[in-house]
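The data below hold one chain only, encoded as structure tokens and taken in the form predicted on its own.
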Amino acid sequence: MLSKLPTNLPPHLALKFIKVYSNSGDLQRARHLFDKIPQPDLPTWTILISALTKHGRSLEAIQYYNDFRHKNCVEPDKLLLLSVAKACASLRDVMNAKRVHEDAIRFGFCSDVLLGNALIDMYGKCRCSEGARLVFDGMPFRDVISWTSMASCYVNCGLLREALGAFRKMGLNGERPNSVTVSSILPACADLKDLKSGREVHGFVVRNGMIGNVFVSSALVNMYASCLSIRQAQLVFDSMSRRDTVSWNVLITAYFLNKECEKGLSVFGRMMSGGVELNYASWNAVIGGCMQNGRTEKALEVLSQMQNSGFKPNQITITSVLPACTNLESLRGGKQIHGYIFRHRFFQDLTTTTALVFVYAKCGDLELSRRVFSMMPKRDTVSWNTMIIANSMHGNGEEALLLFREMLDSGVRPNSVTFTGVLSGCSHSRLVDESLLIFDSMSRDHSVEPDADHHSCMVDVLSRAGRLEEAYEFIKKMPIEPTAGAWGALLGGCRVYKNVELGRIAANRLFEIEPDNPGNYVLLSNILVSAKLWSEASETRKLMRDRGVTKNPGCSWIQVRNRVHTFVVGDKSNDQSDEIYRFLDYMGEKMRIAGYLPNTDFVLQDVDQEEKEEVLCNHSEKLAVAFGILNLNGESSIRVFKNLRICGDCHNAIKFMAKIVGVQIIVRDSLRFHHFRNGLCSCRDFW
């Protein structure tokens, strides 16, 4: 409640009170008093609008200026235009920015250097290089701020070569760049990876005695690091007479960018032990750097240190660390971060919520992905793509198609990744006709030229549907060189449909393209074994050995009570191994009564039937599933992850196990998710 304000004041006293309230930051009283003045004069408008801009109330400042222009025949002065230009810059409001520029021209201020510089800066913040260039070219006199603002505008707009050009022209026009100019232009060299230009700027810095400026030196460290000249970055850092937190952060980021994780952690350790004040950027640089370098566990350890030091994770931290839950397939961790996002109201951040959608999908809970996606207040191409890909990896091709159509209806433009996701979903759901229509529409309707991945997806669609000859003809007619993805899709189809002839053709091409990929040899061997061509299968395995190619061992893992338990074939290292094998024996009897017969075609050794059945029983995914069932602890579902494709016999067995035990079993193999429930799998026995 406002205390009573004076009314009917003469203009000079009203102006005095408004100035007092504005200077003290009491903008509510200033506005209230202003609104009581029937016809405020220009100085009164200027004081209020300037105060609103200064105190971060830019939207109100622009609204008052628009009122001023509509209600008054009085012309604005330079100070008023300066304030409104700053407000437009703060809001990145290009529409009102252009109006302010028009007013500056209309009322004769286009020759004023101070206002001209403010307008260039305003357009730069609005990322409108054309507007900035118009102001710059119309200025009869330019100072160092004019040139610096123009160069900075080019950098903000991503016109990096133009920024370097402005820097060079500045010198040719007799204007000496200052430290702000240099700090603004060095990021252009960094983003362009232009080491030559960066060194030229470094030479200018040394010649003009700017090396002691901490902002310039930090920008040099960043430039050298971005240009993969980490040794030079370290030399500049070591030569700095004083280092602030920013310069330390820049060096840490430099090492992580250059894949030198241990050195980055070492610099961070020196920073902590040296008493340097850490900020959010410091912690986020290390957490993000560890994640980018595959050091997931270390990232989580640093996150814990961050929280123990009194820093609450912010949106950047959360976005950086969410992939850790994906990498570790930690649904529990994803839910904890989800709760943190909800409590701290980070749901408005598109990047964070999109990452959360992907975490849930990768951890096997597609329903939670859907819920997060449905709650997003807005969606961009990346978020739509993420949800489409999530459904594709879970084998929900129809849902992926529906999302694609909703995306188009919402006006969001699809890109190359969108079509990869949709075609992949069609592949897993046998939606051949739909995928052909989408493939044909890419360049025709959406200006997206099909690349190697899209062609490979189409081969996969045809191969999975059993149309192997069509797939082979599609490969032969491809306008680009067929990749390993295309031939691999055909080879996979040949395994499912036992086509030896095309399998040999696809495998031989793959042996040329990627001779070190063990999966190709194994797939061909599977095809030959299924056809009882033992001698030829043996030759394939010998070729593999002669080339020094080793098969990746099958491995499955499951998280129980926040601990990951890993299994390999025949594994007996688990504390519950005896219990696991007893359970599998018991379950085997139950399954046989229910109609299960072991499919010994998936045993590649030429051994007798009894030995084959014993080998099948020891597969890693069966061991992990058994362990999960034994440790359900009231849960209604278990999630198992495997590094290779699930074998056909295990797939069949897990369907029976899910029905007999009455739980949902989710298995993610190297290709997709399988949801087993009531004796059925979501893939419809097609993967």
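Counting begins at 1, following the sequence as shown. All values derive from a computational prediction rather than experimental measurement. Take the two forms, superpose them, and find the largest set of C-alpha atoms that agree within 1.5 Å; that set is the rigid core.
What comes next is about the form predicted together with the DNA, which does not appear here.
Engineer: For Asp121, is any heavy atom within 4.5 Å of the DNA in the model of the complex, or not?
Structural biologist: Because a heavy atom of Asp121 falls inside 4.5 Å of the DNA in the model of the complex, the answer is yes.
Engineer: Examine Asp349 and determine whether its closest non-hydrogen atom to the DNA in the model of the complex is within 4.5 angstroms.
Structural biologist: Taking the distances in the model of the complex, the answer for Asp349 is yes, it comes within 4.5 Å of the DNA.
Engineer: Lys125: heavy atom within 4.5 Å of the DNA in the model of the complex?
Structural biologist: So Lys125 counts as contacting the DNA.
Engineer: Just checking whether Asn249 would be counted as a contact of the DNA in the model of the complex - the rule being heavy atoms within 4.5 angstroms.
Structural biologist: Yes, contact at 4.5 Å.
Engineer: Each of Ser183, Asp244 and Tyr280 within 4.5 Å of the DNA in the model of the complex, by any heavy atom, yes or no?
Structural biologist: All of them do, each having a heavy atom within 4.5 Å of the partner.
Engineer: Which one, Leu331, Val432, Val74, Val382, lies within 4.5 Å of the DNA in the model of the complex by heavy atoms?
Structural biologist: The residue in contact is Val382.
Engineer: Name the single residue among Ser129, Thr540, Ser320, Asn396 that comes within 4.5 Å of the DNA in the model of the complex, judging by heavy atoms.
Structural biologist: It is Ser320.
Engineer: Of the listed stretches (515 to 523, 465 to 473, 144 to 152, 490 to 498), which one has a non-hydrogen atom within 4.5 Å of the DNA in the model of the complex?
Structural biologist: Contact-bearing stretch, as computed: 144 to 152.
Engineer: Determine, after fitting the two forms on their core, whether Asp460 shows a C-alpha shift of 2 Å or more between this form and the one not shown.
Structural biologist: Shift at Asp460: below 2 Å after core fit.
Engineer: After the core is overlaid between this form and the one not shown, has the C-alpha of Arg509 moved by 2 angstroms or more?
Structural biologist: Superposed on the core, Arg509 moves its C-alpha less than 2 Å between this form and the one not shown.
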